[in-house]
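First, one chain by itself in structure tokens, the form predicted on its own.
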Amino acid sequence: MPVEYIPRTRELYSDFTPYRWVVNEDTPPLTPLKKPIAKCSVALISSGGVMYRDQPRFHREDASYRRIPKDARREDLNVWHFGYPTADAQRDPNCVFPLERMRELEADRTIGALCDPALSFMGGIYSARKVRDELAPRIVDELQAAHADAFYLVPA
């Protein structure tokens, strides 16, 4: 079932000043890979609000993320997100957090390695400033620490 994002966002934030959609004018240039994807370390990142075991739920305006071990089992994952209906993602987290598919790509050597841990945050944060100044720099630090050559971002 498709989600009508603009009406849903207006509904969720009806008590706030009307949302001003972000216009990104300083987009960085595409950076081509320096080696084949089959030799790259690839990180999985999702804005689907996925959590591992007893990690805390996300909350409104949450600029945090969750570190999820790449060997996490489906039954150890939970989904908490207020921006989309999560029933399907709860039944099969791979629809917003394709961890099992990424492990398959690693196993069949389509990618060189899957970074550990994978990362998930809750998309739909009201403040673009929080994303730019808080969330994104911390995720970049995680990617650098994991020596990721590329990342696969799955928006929810």
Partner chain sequence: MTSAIDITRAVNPPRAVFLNFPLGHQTGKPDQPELQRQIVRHAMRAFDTIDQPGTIVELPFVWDPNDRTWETRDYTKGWMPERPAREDADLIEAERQSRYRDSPK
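Under this definition, the rigid core comprises the largest set of C-alpha atoms superposing within 1.5 Å between the forms. Numbering follows the first chain given and starts at 1. Just so you know, these numbers come straight off a predicted model, no measurement behind them.
Keep in mind the form predicted in complex with its partner chain is missing from the figure; the text below concerns it.
Student: Within 4.5 Å, heavy atoms only: does residue 136 come near its partner chain in the model of the complex?
Tutor: No.
Student: Do residue 63 and its partner chain share at least one heavy atom pair within 4.5 Å in the model of the complex?
Tutor: No, residue 63 is distant from the partner.
Student: Consider residue 17 of the chain shown here, and say whether it contacts its partner chain in the model of the complex, taking contact as heavy atoms within 4.5 Å.
Tutor: It does not: once its partner chain is placed as it appears in the model of the complex, residue 17 has no heavy atom within 4.5 Å of it.
Student: Given that the partner is absent here, does residue 67 sit within 4.5 Å of its partner chain in the model of the complex, heavy atoms only?
Tutor: No - in the model of the complex, heavy atoms of residue 67 and its partner chain never come within 4.5 Å of each other.
Student: At a 4.5 angstroms cut-off on non-hydrogen atoms, which residues of 131-156 are near its partner chain in the model of the complex? List them in order.
Tutor: If the 4.5 Å heavy-atom criterion is applied to its partner chain in the model of the complex, 131-156 yields 150, 151, 152, 153, 154, 155, 156.
Student: For residue 26, does the CA position differ by 2 Å or more between this form and the one not shown when the superposition is done on the rigid core?
Tutor: Yes; that C-alpha moves by at least 2 Å between this form and the one not shown.
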